[in-house]
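The chain that follows stands alone, in the form predicted alone, written as structure tokens.
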């Protein structure tokens, strides 16, 4: 295991596009050593090995657990996240997992329980928190510059649905666009207001234009969710796959206060380029704009925490269960 003065040794489980992207970010940060790669796809593993030439290439989580690692990054399909994270934590490893942590609040709670019992660091890749634009808006909301912020509208419409078949199987994915895209919105909304108690959740969920009533087990492609927080703040969320949006994506998070507003939104349909603006009545001021290389910052922040503070459990992991519980409530389950 890690000796004093050495970098944390990290293994990667799943090295598709997003896994490799997070690996590259950690490599460039020099916050940790990429010591091992595991993927059932030989092609993915070979591509990942180009980023970390000294890493051992193995074929399973079992093999990673037999190595002297400090942590693992999990970037596999959603159905595996809970069981793989629990096994890694019980094996003494800190975990950084792609969202969702689990397909339900029950699964998310099982992972957090395992992290607490093992006293191991657990984080999820809610990457939009780390964009420059969101950081600037967060500062405005929480500094009091916007007065009393009482409402938020968050949107994530993707004109192209996922390209992997498992996303469309509710048993494997846990849900459709709300699980895939809406989880980011729920996390942002609760994070901005310091994760207060959620008083109520209501939703309208659709599949191919037809409203789903109750938890049907079908995978939705459009969802609208309303949340009222215990402090009275109102939040509206909307997300979709394959919507006719006139562009590749519509991504926006807007916050309204008694002394002004602020908004974070994508540029020209991009999923990567964002601007942030501050509003005073009808006037607006740009406070952040591209370029912003934000995609791997959550992974790097986790690796840095691992290096500086060690593998110990962080109580903020309980917030992951709250996000999952809101999504469960929106699904009516």
Ligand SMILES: NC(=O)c1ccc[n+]([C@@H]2O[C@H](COP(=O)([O-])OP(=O)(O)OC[C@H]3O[C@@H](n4cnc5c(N)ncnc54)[C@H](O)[C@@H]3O)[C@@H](O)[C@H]2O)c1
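Numbering follows the first chain given and starts at 1. The shown structure was predicted, so the numbers you read here are calculated from the model rather than taken from an experiment.
Same protein, other form: the form predicted in complex with the named molecule, not shown, and the subject of what follows.
Between 191-199, 78-86, 251-259, 103-111, the stretch whose residues reach within 4.5 angstroms of the named molecule in the model of the complex through a non-hydrogen atom is 78-86. Put simply, of 99, 233, 136, 129 only one has a heavy atom within 4.5 Å of the named molecule in the model of the complex, and it is 99.
Using a 4.5 angstroms threshold between heavy atoms, residue 266 stays clear of the named molecule in the model of the complex.
Shown alone here, residue 187 lies farther than 4.5 Å from the named molecule in the model of the complex, counting heavy atoms only.
At the 4.5 Å threshold, heavy atoms of residue 320 stay clear of the named molecule in the model of the complex, well away from it.
Heavy atoms of residue 39 reach within 4.5 Å of the named molecule in the model of the complex, making it an interface residue. If you take 12-32 and check each residue for a heavy atom within 4.5 Å of the named molecule in the model of the complex, you get 13, 14, 15, 16, 17, 18, 19, 22, in sequence order.
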